[in-house]
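This document opens with one chain alone, in structure tokens, the form predicted on its own.
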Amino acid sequence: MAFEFPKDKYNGKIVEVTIGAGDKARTVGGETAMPLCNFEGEFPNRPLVAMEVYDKAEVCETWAPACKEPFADVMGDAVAWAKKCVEEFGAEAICLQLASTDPNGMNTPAEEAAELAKKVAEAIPVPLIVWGCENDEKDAETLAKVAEVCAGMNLVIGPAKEGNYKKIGGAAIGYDHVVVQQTPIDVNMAKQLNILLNNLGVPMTKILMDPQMGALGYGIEYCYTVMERDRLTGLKQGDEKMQSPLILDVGKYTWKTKEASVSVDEEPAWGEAKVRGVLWETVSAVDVLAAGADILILRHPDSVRILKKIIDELMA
């Protein structure tokens, strides 16, 4: 008698969300089963591996040397940096981090940030994700301006939170973009923010969820379980408000940990700093990939190379 895998049954489907326009368009989501359970359902779209690009080099001064080295020749030019990530390192999307807009830092004006976003979007052949400084008030101003200047490009803009979702969501509706909604590792809060965005007029086909994460050694287990509950709620319970694809900013959370960034001189027993950091980022990324991430934002080119190979093998 031939062996058959026992198969679970699901009542929902992750919404397909298209980011980018024209030849740059890519679609994520569409899963009908839990992550890695390819034998139980359909997985029509592979997860995307995006790379970080920062708007100004000054905000990267505290980066680990291993992260600065691959971009040393382009860190003062976001457009060149983005093109290098795509052309040399195989990034499938670019995440432009507008960190310099932080009012507690360089406080770059919204208009300047928006013009930079447009230049980057026009220069690359892949979708652009535009990430604010995570100050609610300034992000509402900046991302609304980005949406206006880049009208029709179908960018991903965010993060939209409870304190600023109306202005960011309204701009996304008005200028045809996708919204990243962000909540602090909580299923109920994620669902509530999706409901609020829906009530505002943002369709589920224009929403990505960022459940936030902790890196390896810094709460990755809790993050994993919350992401798993997000997926179970959408797929097993068929809750339409929890069927958004998931986006995770892995690089930002992993490279700020001591284990990923401290030098070998400070901790000689920990081994070579670059190898350690890349492994810290890669393992964190694989964890959230297994929990259901549809878009992963990474920092180091070696992590990108390894993760793309893993995704190729999983999708095969």
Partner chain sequence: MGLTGIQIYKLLPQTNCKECGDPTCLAFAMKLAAGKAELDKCPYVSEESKAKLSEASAPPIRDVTLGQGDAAWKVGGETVKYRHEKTFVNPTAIVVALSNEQSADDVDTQLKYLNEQSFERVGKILAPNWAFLWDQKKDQASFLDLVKKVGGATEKGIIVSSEDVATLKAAAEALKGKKFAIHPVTKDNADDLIAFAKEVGAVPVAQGDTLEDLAAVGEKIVAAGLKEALLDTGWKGIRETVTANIAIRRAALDKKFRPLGFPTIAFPCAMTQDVELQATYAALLIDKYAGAVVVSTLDPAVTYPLLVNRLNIYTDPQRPMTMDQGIYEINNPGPDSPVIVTTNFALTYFVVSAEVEASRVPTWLLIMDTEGMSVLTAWSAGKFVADAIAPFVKKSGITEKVNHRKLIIPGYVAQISGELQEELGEGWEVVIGTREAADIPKFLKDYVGQ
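Everything quoted here is computed from the prediction, not taken from an experiment. Numbering follows the first chain given and starts at 1.
Below, we turn to the form predicted together with the partner chain, even though it does not appear here.
Contact with the partner chain in the predicted complex, judged by any heavy atom within 4.5 Å, is made by just one of Leu196, Ile220, Ala80, Ala110: Ile220. For the three residues Lys118, Val156 and Ile173, a heavy atom within 4.5 Å of the partner chain turns up in the predicted complex in no case. The closest non-hydrogen atom of Glu228 lies within 4.5 Å of the partner chain in the predicted complex.
Of the heavy atoms in Leu216, some are within 4.5 Å of the partner chain in the predicted complex.
With a 4.5 Å cutoff on heavy atoms, Met204 does not count as touching the partner chain in the predicted complex; it lies far away.
Among residues of the shown chain, Phe89 is not one whose heavy atoms approach the partner chain to within 4.5 Å in the predicted complex.
Of the stretches 100 to 108, 240 to 248, 68 to 76, 124 to 132, only 100 to 108 has residues with a heavy atom within 4.5 Å of the partner chain in the predicted complex. Taking a 4.5 Å heavy atom cutoff to the partner chain in the predicted complex, the one contacting residue in 180 to 194 is Ile185.
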